[in-house]
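Presented as structure tokens, the chain that follows is alone, the form predicted on its own.
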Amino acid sequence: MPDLAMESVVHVYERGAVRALDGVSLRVLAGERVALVGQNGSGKTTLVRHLNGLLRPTSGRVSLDGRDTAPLRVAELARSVGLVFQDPDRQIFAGSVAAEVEFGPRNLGMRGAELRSAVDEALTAVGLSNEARTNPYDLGASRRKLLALASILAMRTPILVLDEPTTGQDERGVATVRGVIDAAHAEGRTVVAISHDMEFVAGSFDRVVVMSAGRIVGDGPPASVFAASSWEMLRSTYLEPPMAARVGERLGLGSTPTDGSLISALVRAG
């Protein structure tokens, strides 16, 4: 499984008017689960689009397993890095759910039983097995988002990049996304996700990277990033720690209490 690295990456939009990334250095080890958090406009989406080559650095270097990605085409990077957009309608184009999920792996060279297996596994993972013949635009917005996720899962890339995967999802949808991330992690795959859902981040990721104004201002495990000592930093980026972290700190349970420890403490307090 490959590592990812960014070294002093700067990205400038609009002829220098917008410096979306400002000297970002970040290394993601193979198999890590990393969440990127920060207010809108902090550079998160710009960052992840460098990982699969949709954007290229104005200066600096992006590498995949030590190899500079600059000479690699997006199609080559797609074998290693699968990116699910925040808006599924920017990704979906096929006339059926099955055709949508087949497109990516077919372009990577999968055929026959391997292709069928990849498609079936991806549809099962997101709960769309019974919708194979459905037109994607007959699905609701939340299920189109899951379809976009399935289309990338079927490519079986060692690295998954998810842009706001839980937006618009109900409790069941969030649980589905969490299950996908857990399964990918169990297989040794790397997951990088952008999210505004701090509860989801705290429960699903081993590392949290905080961004502000194109820079990384915080980086560590959830227990550290959501600890009381980091709340001022989070507030400076217009973020709030998850409710469990706030309650856990007040009850002396730390910033990532388990459900059991919270219930026991509340019972004792009551």
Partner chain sequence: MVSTALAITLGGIWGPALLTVGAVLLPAALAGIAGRLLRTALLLTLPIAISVLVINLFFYPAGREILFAIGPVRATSEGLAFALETLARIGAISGAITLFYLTTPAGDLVLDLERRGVSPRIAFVVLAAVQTVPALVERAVAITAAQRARGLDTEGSLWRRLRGVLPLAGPVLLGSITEVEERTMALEARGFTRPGRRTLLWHPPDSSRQAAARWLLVAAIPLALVARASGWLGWLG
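Positions refer to the first chain, counted from 1. Keep in mind that what you see is a predicted model, and the values were worked out from it rather than measured.
If you look for the form predicted together with its partner chain, you will not find it shown, but the lines that follow are about it.
In terms of contact with its partner chain in the model of the complex, the residue from A125, A78, A184, M110 that brings a heavy atom within 4.5 Å is A78. Taking a 4.5 Å heavy atom cutoff to its partner chain in the model of the complex, the contact residue among S230, S204, S212, N52 is N52. Its partner chain in the model of the complex comes within 4.5 Å of a heavy atom belonging to Q91. Within this chain, V177 is remote from the site of its partner chain in the model of the complex, having no heavy atom within 4.5 Å.
Within this chain, R73 lines the site of its partner chain in the model of the complex, having a heavy atom no more than 4.5 Å away. Of the heavy atoms in G104, some are within 4.5 Å of its partner chain in the model of the complex. Contacts between stretch 128-145 and its partner chain, counted in the model of the complex as any heavy atom lying within 4.5 Å, involve Y137 alone.
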